[in-house]
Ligand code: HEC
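The chain below stands alone, shown as structure tokens; this is the form predicted on its own.
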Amino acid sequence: MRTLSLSLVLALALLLGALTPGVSAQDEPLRMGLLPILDVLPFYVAQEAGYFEEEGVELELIPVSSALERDQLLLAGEIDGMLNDLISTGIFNQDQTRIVIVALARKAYEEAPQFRILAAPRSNITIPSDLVGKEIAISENSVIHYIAQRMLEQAGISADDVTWRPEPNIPVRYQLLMEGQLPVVVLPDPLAQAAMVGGAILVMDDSSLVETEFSQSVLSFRKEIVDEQPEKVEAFLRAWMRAAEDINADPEAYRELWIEHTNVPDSVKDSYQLPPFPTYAITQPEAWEDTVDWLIEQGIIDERPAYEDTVDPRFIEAIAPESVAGDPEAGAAVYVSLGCAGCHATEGDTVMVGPSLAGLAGRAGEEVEGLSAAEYIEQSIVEPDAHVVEGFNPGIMPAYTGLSDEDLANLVAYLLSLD
């Protein structure tokens, strides 16, 4: 197994754990370690709006300067939870369950990617095939490394076709790219967009992974907190989801708060479009198993952490509305990512492989007695042969049973907007 900084931290923390109690008292606040990144915005929105207080949970937000510092604090029991990623979670739980994922915090959308592969300004690298034989700078054995490899594979390029150059410091990686000292790098947004404003060339981004949801960040707590203080975790998530819904409804209202609490490049602080935040969603087995596959293939971990031990959906299930109202804009992104436009027109009476969806909102509620428009559309997505439109054959449209509840609700909302 490779020697990793986090592995060393784990070893030290386990020694300290024998001496230091790890569980907060019931009357102590939940302590969350936060990097200054876009993903943590709902924490500050909920804090400013008083949602944590309204939900009866006292929360202490502890800024950290690096993932390593965050992980050290959590392993020492000095913070109770954090926003992290699946790679980090897999390393934490490689030989026992130390942290538990309780919700999805952010993910890549078609129009809002999280990571981008960028080429240096004025380089001749413009399309994925140009990357073959090139050196790509990454944070080795991190989520950036993992997502970069999966992006390449989506474009038909093997990880062996490129050379991976470790450069863990993201600002340094950015600077070396802009100076032309690095030919290709992988950067997160919004820094990636700042690089593009400065002349860096976008080669590809993780919007190609939207359907798989491999590119995501998560909300995690120490296992002791989840087991012994579940009411605090649930209250925290209710406040978080309220904040995420506020951001999705009016992202511009929170631009100043985003700039105040995270590292935002000056060149994009006024122009960057804040992305949607997933609500009432949690990591699905496909994304977790693929992450673990990669960690084992890379020799980063030996043991396979089980999905059931690592991901706890009960909190989301407890707080999610019976019918989650979908977001038509996010649903449009789902529609594109699934390739629906290749078979269905959304304007006029154009007939492609399948019937036109123009005006669907006005007629869907009248198609099947007893089914509302939303119910008819949802069933047609997950069971397409249940209601075959006259003049078309069954067995052509695939059943999209793997969609998350949120993506399905958003897709239905988009289709209901086609009036």
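For every residue, the number given is its place in the sequence shown, counted from 1. Computed from a predicted structure; not experimentally measured. Just so we're on the same page, rigid core means the largest C-alpha set that superposes within 1.5 Å between forms.
What follows is about the form predicted together with the ligand, which we do not show.
Asker: Give me the residue from Met204, Ile201, Cys340, Val311 that has a heavy atom within 4.5 Å of the ligand in the model of the complex.
Answerer: So the residue touching the ligand in the model of the complex, by this definition, is Cys340.
Asker: Looking at Leu61, Val57, Ile37, Leu360 here, can you tell me which has any non-hydrogen atom within 4.5 angstroms of the ligand in the model of the complex?
Answerer: Partner contact (heavy atom, 4.5 Å) among the options: Leu360.
Asker: Using a 4.5 Å heavy atom cut-off, are Ile381, Pro384 and Met397 all in contact with the ligand in the model of the complex?
Answerer: So, yes: the whole triplet contacts the ligand.
Asker: I'd like to check something about Asn393: if you look in the model of the complex, is any of its heavy atoms closer than or equal to 4.5 Å to a heavy atom of the ligand?
Answerer: Taking the distances in the model of the complex, the answer for Asn393 is yes, it comes within 4.5 Å of the ligand.
Asker: At the 4.5 Å heavy atom threshold, is Tyr376 in contact with the ligand in the model of the complex?
Answerer: Judged by the heavy-atom cut-off of 4.5 Å, Tyr376 is in contact with the ligand in the model of the complex.
Asker: Should Trp294 be counted as a contact of the ligand in the model of the complex, where contact means heavy atoms within 4.5 Å?
Answerer: Flag for Trp294 set to no.
Asker: Test of understanding: in the model of the complex, would Tyr272 fall inside 4.5 Å of the ligand by heavy atoms?
Answerer: Judged by the heavy-atom cut-off of 4.5 Å, Tyr272 is well away from the ligand in the model of the complex.
Asker: Out of the stretches listed (342 to 350, 111 to 119, 96 to 104, 125 to 133), which one is close to the ligand in the model of the complex, meaning heavy atoms within 4.5 Å?
Answerer: In the other structure, the partner sits against 342 to 350.
Asker: At a 2 Å cut-off on C-alpha positions, does Ala200 qualify as shifted between the shown form and the other one after fitting the rigid core?
Answerer: The answer is no, as the C-alpha of Ala200 shifts between the shown form and the other one by less than 2 Å after core alignment.
Asker: How about Gly77 - superposed on the rigid core, does its CA move between the shown form and the other one by 2 Å or more?
Answerer: After core superposition, the displacement of the Gly77 C-alpha between the shown form and the other one stays below 2 Å, so no.
Asker: Is Leu131 one of the residues whose C-alpha moves 2 Å or more between the shown form and the other one after the core fit?
Answerer: No; Leu131 is a residue whose C-alpha shifts by less than 2 Å between the shown form and the other one when the cores are overlaid.
Asker: Relative to what is shown, are the Cα atoms of Thr279 and Ile377 closer or farther apart in the model of the complex, where the gap shifts by 3 Å or more?
Answerer: Those two alpha carbons end up closer in the model of the complex.
Asker: Quick one: with a 3 Å or larger change, is the Gln379 to Glu289 CA distance smaller or larger in the model of the complex? Answer closer or farther.
Answerer: Relative to the shown form, the pair is farther apart.
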